[in-house]
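Only one chain is shown below, in structure tokens, and it's the form predicted on its own.
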């Protein structure tokens, strides 16, 4: 059994201060501020068009904010992007595996991009594949994997450089019910064991019930940053779906 992370849990590993990103007159992200701490599972809940994707593009360095601060492990994303990005692991909504490479080949390629020496890379790859139940598939082409196992490979890849923050961008899209549940269970255990902060973007209300915090995002603004229980109490609703609908006016989403 893996020992649980016992490091510093009082210093944020991710800080956002008044982040703004506009496209013409539309503010896709409008003054977003929050901190994430080691071991926290934070659900970023919002309907389509809420600004989740734009926020993740800013966090992953694909775009820069018009104003505000993104700080990862004490590194300003704008002024010091290389160490800031090194502190992040990312699983995107759309699969980014090379389907013609083997599982091991995909992970070795990623390790090379991060400058991880070969011997260390092989050790970490073996560790992550074992942890995620993929050791027997290491020499299979990614194209031969199920959707759920491709997501596991992407998760293994995101963890190879040992990030302190894990960004999961609508990571269960296209997965069946069991695969969605398995992925969330894996993430919850990883954040406890390794102290990694998880920011889990979703529009599915059932995916936030186990979160330490729920950030409700709507039209680029944070409407709530609280626990699931406090979200229900503050809205006077009996379910997360009803609370979400009451705050955003959007039909509550459930997985297909």
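Numbering follows the first chain given and starts at 1. Here the structure is a predicted model, which is why all the values come from computation and not from measurement.
Not pictured, yet referred to below: the form predicted in complex with a small molecule.
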| item | value |
| --- | --- |
| Residue 40 within 4.5 Å of the small molecule in the predicted complex, heavy atoms | no |
| Contact flag, residue 205 vs the small molecule in the predicted complex, heavy atom cut 4.5 Å | no |
| 4.5 Å heavy atom contact, residue 61 and the small molecule in the predicted complex | no |
| 4.5 Å heavy atom contact, residue 50 to the small molecule in the predicted complex | yes |
| 4.5 Å heavy atom contact with the small molecule in the predicted complex for all of 23, 26 and 54 | yes |
| Interface segment, criterion being heavy atoms within 4.5 Å of the small molecule in the predicted complex, picked from 42 to 50, 186 to 194, 223 to 231, 207 to 215 | 42 to 50 |
